[in-house]
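Below you will find one chain, with nothing else, as structure tokens; this is the form predicted alone, and questions on how it binds or moves follow later.
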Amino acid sequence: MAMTMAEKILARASGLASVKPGDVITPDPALVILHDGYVETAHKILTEVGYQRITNPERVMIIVDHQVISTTPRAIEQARNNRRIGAQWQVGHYYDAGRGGHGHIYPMEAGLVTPGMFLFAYDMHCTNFGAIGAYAMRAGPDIPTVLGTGTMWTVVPHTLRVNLVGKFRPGVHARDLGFKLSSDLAAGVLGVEFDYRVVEFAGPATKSMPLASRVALCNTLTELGVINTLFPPMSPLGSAPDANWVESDANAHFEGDITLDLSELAPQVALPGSPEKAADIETVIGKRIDHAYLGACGSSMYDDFKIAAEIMRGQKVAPNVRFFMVPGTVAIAKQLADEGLTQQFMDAGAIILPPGCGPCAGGVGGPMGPGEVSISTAATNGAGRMGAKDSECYLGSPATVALSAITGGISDPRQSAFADMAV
């Protein structure tokens, strides 16, 4: 039976020869990821129903990325409790603050998530792992069920294939494509369903798309309500993955099949409210900002900061702007430091925060005040996402954010001398 990427991964994880959309399955995860903000709650729920141990603790990861800097007595208490719970559960992979990084980035870097793998995770942006051809399913508040029993039931989704052709024009990046695609899907202009669908990216443009671009594209679509995003298998370590079996069969059935030409795309911004509220950047050029932020799970790879470094070389952050930069992992932070880019950013007036979520985690570190305006690469931009409820959060590509930070207002990266840098 011909199958898509998603169906192949789900079938293998379920010990089945094949699956089809609508099938109810109980896949066996190779890894279960829990972020620092939900550990206490999961422990309380399991304790109340009598669980003193968890199933397959050697496959469980707890990673501290939301409250990296414990800025309150409550945060300090939570961190202490998380360590105690991790030890009680005998968790196989515990990464405290300063020892890993972002839970949607570090597992790929460390080789803990690999092409063809199926895993459960608490947080919805685990779809990042689709960038290398892994299928991560958000369990959310049902994560105690996974920890207690080892799995949970799920329904095999339909798959929408998006064929990417052409090449980005100078100043246009994968994050722009994510905003535009989210907007078009939500508006119904593409004529396909997206709710609880897998979006599989295919086509010639994917072959030259670096990991940072794949991550940005997978991440941006998550808030729309797709169940997952997938690219053909790629090793995050640069070697060819032994996972050809993952790729969709030539005669696999796709519920929808659309083609997008990257050369037709202009830089986008997501207007305050949600990532799907995309608009051409011309509509907001010159909008004064108070706050800028480069990082979060969609744009905290080394390549993202390299783009910023090229744009900011010899420049200063505008006097009216606080520019926060948050590397995705400890290794990325070290690479930036080793290459002198951290010093360059600091000389320009940027503020470097430790690896993790940064301001995207509800304004933990670098929050926004009442009436302030931000341009960032955050995962989402609902009211109050990074601070005051009446602040305005715009989203853009790493190039848009970096250029805007030095000009003091939302700026078009096509105007930068380094617009042709790829990300």
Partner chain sequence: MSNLWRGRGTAHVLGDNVPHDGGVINFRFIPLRITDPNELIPHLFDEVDPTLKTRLKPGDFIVAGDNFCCGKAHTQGLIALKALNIRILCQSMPYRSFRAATGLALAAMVQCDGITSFVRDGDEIDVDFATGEVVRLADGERRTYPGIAPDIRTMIEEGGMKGLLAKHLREHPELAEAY
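Residue numbers count along the first chain shown, from 1. Keep in mind that this is a model prediction, so the values were computed, not measured.
There is another form of the same protein, the form predicted together with the partner chain; it is not shown, and what comes next is about it.
- Only one listed stretch (251-259, 158-166, 349-357, 139-147) carries heavy atoms within 4.5 Å of the partner chain in the model of the complex, and that stretch is 139-147.
- In the model of the complex, the partner chain sits within 4.5 Å of a heavy atom belonging to H35.
- Using a 4.5 angstroms threshold between heavy atoms, G384 counts as touching the partner chain in the model of the complex.
- Proximity of E77 to the partner chain in the model of the complex falls outside the 4.5 Å heavy atom cutoff.
- The partner chain in the model of the complex is not approached by W245, whose heavy atoms all lie more than 4.5 angstroms from it.
- Here the marked residues G191, V199 and E392 all miss the partner chain in the model of the complex; none has a heavy atom within 4.5 angstroms.
- Checked against the partner chain in the model of the complex, the residues G225, P210, G203, G92 give one hit for a heavy atom within 4.5 Å, which is G225.
- None of E282, D195, D338, E264 but one reaches within 4.5 angstroms of the partner chain in the model of the complex through a heavy atom, and that residue is D195.
- Along 41-65, a non-hydrogen atom within 4.5 Å of the partner chain in the model of the complex is carried by K44, I45, L46, E48, V49, G50, Y51, Q52, R53, I54, T55, P57, in order along the sequence.
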